[in-house]
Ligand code: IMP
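The form predicted on its own is given below as one chain in structure tokens.
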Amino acid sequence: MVAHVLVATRSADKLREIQHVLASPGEIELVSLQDVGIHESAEEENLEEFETFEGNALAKARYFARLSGLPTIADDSGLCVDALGGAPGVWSKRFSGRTDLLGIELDQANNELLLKRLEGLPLEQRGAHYLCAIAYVDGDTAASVVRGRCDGIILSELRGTQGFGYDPLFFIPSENATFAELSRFRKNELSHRAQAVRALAGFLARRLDEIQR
């Protein structure tokens, strides 16, 4: 029997990344918020009110699990820059403070502010890492949160056209490329989100097996 699991994100990019790593034909069918008819609401804006990625991921997973009645996974992720004391962190999406922008325009505003904050710093002081926490919630009986991390350096200029968010600035020395210069396949091997999804996969398989017995 195929198990339906809701991926609770409004980001098409995140959805594709999670589907790429977690899809398991014949066992799990990942469905989106659009698939189950959950339309965006103002209430969603208040879900990410916690100071940790884990707290935000759990809040989102619990909220959408209640709405859908389905086992649900949700993530919270962001960029942590050493020279900024770990900022923007959980505020990565809202770093610029621009509430009037969405999508690519918001990404551009965030990147511009990050470059401004790091202006003049040499490369060796521009260390950073992406973090991703993914939560799984199944009613009131099961919850799990896992983490993934990817280390890199923030460049002083944008490079590449793939990816989203801070990807054009996030340089991985071992690849000699930014996330935005990597193929989607290669990014999905290395990324913080891919690592978190792989960590979740074992728990998810065991849990769904219990449900189906």
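Since the model is a prediction, treat every value here as computed from it, not as a measurement. One-based numbering along the sequence shown.
Heads up, the form predicted together with the named molecule isn't pictured, but that's what we're talking about next.
Proximity of Lys60 to the named molecule in the predicted complex: non-hydrogen atoms within 4.5 Å are present. The named molecule in the predicted complex is not approached by Arg126, whose heavy atoms all lie more than 4.5 angstroms from it. Of the heavy atoms in Glu181, none are within 4.5 Å of the named molecule in the predicted complex. Taking non-hydrogen atoms only, Phe50 never approaches the named molecule to within 4.5 angstroms in the predicted complex. Heavy atoms closer than or equal to 4.5 Å to the named molecule in the predicted complex belong, across 153 to 167, to the residues Phe164, Gly165, Tyr166, Asp167, ordered by sequence position.
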